[in-house]
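As a starting point, one isolated chain is supplied in structure tokens, in the form predicted on its own.
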């Protein structure tokens, strides 16, 4: 349903300086541009060390170096934990990449045996088996989307050309779900994903998506980018907004080139 008023969303970028490796800031650029093309005003706020959070419609946090994660961890527990837990329960949309994915879990145990307490929002735990290159999950990543998630994406995306996600992973931590019932982004067809044993990638909890896919993930996966924007709009406006389909031929070409390269 069309709304004559200006449609707008607020996105908070958590720790943009400390948690921004492998081009993860490109996810913010993608969300901003795809919103702009639809006439949606996306206001981007930044919340770093020592800064409080204002309630938002979308949240993004990227990956970081292990040393930076300790400072971020401490700050999150002191300044942001309670509001983030409320926002998750209220159905706000989150995209968490790599280190952020780990920090929202129960704990992270590094290769030297140091344990960092997590926010305990996602029912996952992460351990790093070692600090050698051979211990890392490193390289390109191809994930076949969970059928239920793919079906949900169909509400926002007119034609999903490929039922996959492409990206790049580089992490020492091995993440496992706590409990038997949980939802992931899908099954790994190339790469490792959450850990080197299960061939599963990412995690879904309420409207939170955690992923190990850098690259960044959204430019080459327009269906995921639109899914996040669409969820945030539904939370804020219900069905009272106009949704414009975009021409994503270039985006899909980038996606398919990488996919075909990995499968061949």
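Residue numbers count along the first chain shown, from 1. For clarity, every value in this text was computed on a predicted model and none was experimentally measured.
Form predicted together with a small molecule: not shown, discussed below.
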*Flag residue 241 as yes or no: does it have a non-hydrogen atom within 4.5 angstroms of any non-hydrogen atom of the small molecule in the predicted complex?*
no
*May I ask you to state whether residue 252 is within 4.5 Å of the small molecule in the predicted complex, using heavy atom distances?*
no
*Closest heavy atom of residue 102 to the small molecule in the predicted complex, within 4.5 Å or not?*
yes
*Would you check, heavy atoms only and a 4.5 Å threshold, whether residue 173 touches the small molecule in the predicted complex?*
yes
*Could you tell me which of 189-197, 163-171, 81-89, 149-157 sits within 4.5 Å of the small molecule in the predicted complex, going by non-hydrogen atoms?*
163-171
*asked:* 63, 69 and 98 - do all three of these have some heavy atom no more than 4.5 Å from the small molecule in the predicted complex?
replied: yes
